[in-house]
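A single chain comes next, written as structure tokens; it is the form predicted on its own.
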């Protein structure tokens, strides 16, 4: 495909057009009294152009409410301060908290035809089930979180120790997220990657020492990927534990690099879920929306613009090897080397430490 003279954009556009024609019939039936749904998600997942086709086909406006952290999302649902959210975005590895707290509506997978195209690793994961085997969330998007950096500012590719190096004081940034930041400190402290998300009090104390020492070196704890991208663009940050968004947004303007530390690559997977309090009428629209998220049109748009892969194989075989590599679906074995951050049973202890680090 790469040698055919057809551009990646043209290929993806063609796939999208074909998919739209096939999907229109099933989605048009969703036109109903519901005129608006609020989707709480990350700013990188919810670009308006990703969902424009769904809105056009159903007549339902998807209002985007961008998240700052998974912990904030969970707390908002738990305390009832997010009563206007109709669809939410728990992580694969954090879904158990929502399920255990009774915050989610049970999912009927028979209402999601495109689920048949999901990769088995996501289709069969037990992480979205309760103890009785009922399903409460649907994995729909996945990828990896690298270190993004300015190649012109570093002599060699950074690793996690770079984020704690006083030499780069004022140029560094970490995500404001206890699970990943404490996990990275654990790796730097020497905890094996298969034990990092099982750290107990003694190991957490060592990680805390590193994070307290790191804090004066940081330009910021970033909360939205848009803010971090702007800091890279203005030269205020030159190295950060990040999502890939700043790399993709700035690589044609600045000497951007994307490092995958040998100590362990943080994988991520986002899920779709609906609050347990959602009305039946809105739930039906929610099912149409998750079917759209697992369909060809969303997969094509987010691959083209965001360089992300959905959990569905629906467009994979239509892509060239180069296109598959760009969204990490050329070799599915890559997931075997990932670290999948898991909120542990003692996560309240992690959150306490994280708050103490930020207050230090």
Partner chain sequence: MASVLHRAHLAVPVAFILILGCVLPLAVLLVFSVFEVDLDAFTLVPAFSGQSWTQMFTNPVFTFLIGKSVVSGAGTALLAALIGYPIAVSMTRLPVLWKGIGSIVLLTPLYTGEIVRIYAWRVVLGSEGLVNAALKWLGVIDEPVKFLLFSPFTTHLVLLYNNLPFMVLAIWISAELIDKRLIEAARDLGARPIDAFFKVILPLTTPGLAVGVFTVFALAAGDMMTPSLLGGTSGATPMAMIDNLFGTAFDWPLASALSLSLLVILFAFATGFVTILLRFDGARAVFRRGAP
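Numbering follows the first chain given and starts at 1. The term rigid core refers to the most C-alpha atoms you can superpose between the two forms while keeping them within 1.5 Å. From a predicted model like this one, the values you see are computed outputs, not experimental measurements.
FYI, the form predicted in complex with the partner chain isn't displayed, but the following is about it.
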{"property": "Answer option from 75, 129, 109, 189, heavy atom within 4.5 Å of the partner chain in the predicted complex", "result": "75"}
{"property": "In the predicted complex, the residue from 231, 239, 266, 204 that sits within 4.5 Å of the partner chain by heavy atoms", "result": "231"}
{"property": "Every residue of 59, 119 and 291 near the partner chain in the predicted complex, heavy atom within 4.5 Å", "result": "no"}
{"property": "Stretch from 49 to 57, 36 to 44, 66 to 74, 299 to 307 whose residues place a heavy atom within 4.5 Å of the partner chain in the predicted complex", "result": "66 to 74"}
{"property": "is_contact(residue 218, the partner chain) in the predicted complex, heavy atom dist at most 4.5 Å", "result": "yes"}
{"property": "Non-hydrogen atom contact residue 223 with the partner chain in the predicted complex at 4.5 angstroms", "result": "yes"}
{"property": "In the predicted complex, residue 351 touching the partner chain (heavy atom, 4.5 Å)", "result": "yes"}
{"property": "Non-hydrogen atom contact residue 170 with the partner chain in the predicted complex at 4.5 angstroms", "result": "yes"}
{"property": "Core-aligned C-alpha movement of residue 168 between this form and the one not shown, 2 Å or more", "result": "yes"}
{"property": "Residue 198 C-alpha moves between this form and the one not shown by 2 Å or more, core aligned", "result": "no"}
{"property": "After fitting the core, residue 212 CA displacement of 2 Å or more between this form and the one not shown", "result": "yes"}
